[in-house]
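In structure tokens, the next block holds one chain alone, the form predicted alone.
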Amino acid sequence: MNLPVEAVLRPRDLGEALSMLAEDPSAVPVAGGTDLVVQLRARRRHAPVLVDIGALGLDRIAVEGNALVIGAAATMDSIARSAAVREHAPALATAAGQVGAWPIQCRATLGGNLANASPAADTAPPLLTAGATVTAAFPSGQRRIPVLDLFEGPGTTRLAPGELITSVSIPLDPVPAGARRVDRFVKLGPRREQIISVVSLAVRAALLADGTLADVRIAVGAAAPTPVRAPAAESVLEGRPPGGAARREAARALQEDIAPIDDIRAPARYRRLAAAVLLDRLLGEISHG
């Protein structure tokens, strides 16, 4: 493989990895490498030194206290198959199972999908609706960053130089008595699989015993410079049933929440309409059980 890489460093533990990243500004962490290798091969990324973090034990998936914790090196395949993820964050399990083909899912990692900061990152919308946070480590400590605040623009995050995402935490928020959790993800592209999303959508809410929605959260990918929440559409649906007039109004409001662009995959107008259609369909599914 002809890549512009001068050295691959293999730290023995997380502390050594963080030291390597801090000492060499040109060093870039790599685990699955499914995005990074493509970027290096196309000369869109400069990374003469790679720090391999794939064998540092950052791949756990477990319920810890009142949170579901997923290690940054957990693969999409392991996330999609995890019973804990399917129970507590089914939209994320669905999204992970649609990141490229299965061989890609066996290598692509959650931390890499987020750190790559693509507006179309499949895992971002369900993590936004789940209220997830990332833990970012550096040589002198660590900090927690809401996923909502992680992305700065296409390909850029608010991680400081030398910081490394080590895990993602999803709070296990209880639902009211008699309610059920709704947590869905869907994406649209030119084919059913192995595609970069033209638009993606996640919806998370509590469907109360009286048929109305509470704690409504909607997030959209590939429809703005970063994955975004949709506050106008959320407000329309809060306290109302998912069908009827609320369904139509929310689909209209969603088009004002997003800021898509024209690109080679789809024009902005199509993306607006597609996002509205996806939301309309999901609300229809929810309203019919």
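For every residue, the number given is its place in the sequence shown, counted from 1. On a predicted model such as this, the values are computed, not experimentally measured, just so you know.
Keep in mind the form predicted in complex with a small molecule is missing from the figure; the text below concerns it.
Chemist: From the list 219, 216, 91, 115, which entry has a heavy atom within 4.5 Å of the small molecule in the model of the complex?
Modeler: Selected residue: 115.
Chemist: Heavy atoms, 4.5 Å, the small molecule in the model of the complex: which of 61 to 69, 25 to 33, 245 to 253, 223 to 231 makes the cut? Say which one.
Modeler: Going by heavy atoms within 4.5 Å, the stretch is 25 to 33.
Chemist: Counting heavy atoms only and using a 4.5 Å cut-off, do 45, 99 and 104 all touch the small molecule in the model of the complex?
Modeler: Every listed residue reaches the small molecule in the model of the complex, so yes.
Chemist: Just checking whether residue 120 would be counted as a contact of the small molecule in the model of the complex - the rule being heavy atoms within 4.5 angstroms.
Modeler: Flag for residue 120 set to yes.
Chemist: Indicate whether the small molecule has at least one heavy atom within 4.5 Å of a heavy atom of residue 80 in the model of the complex.
Modeler: Residue 80: no, not in contact with the small molecule in the model of the complex.
Chemist: Wondering, does residue 196 line up within 4.5 Å of the small molecule in the model of the complex on heavy atoms?
Modeler: Result yes; residue 196 sits at the interface with the small molecule in the model of the complex.
Chemist: With the partner left out here, check for me: in the model of the complex, does some heavy atom of residue 204 sit within 4.5 Å of the small molecule?
Modeler: The answer is no: residue 204 has no heavy atom within 4.5 Å of the small molecule.
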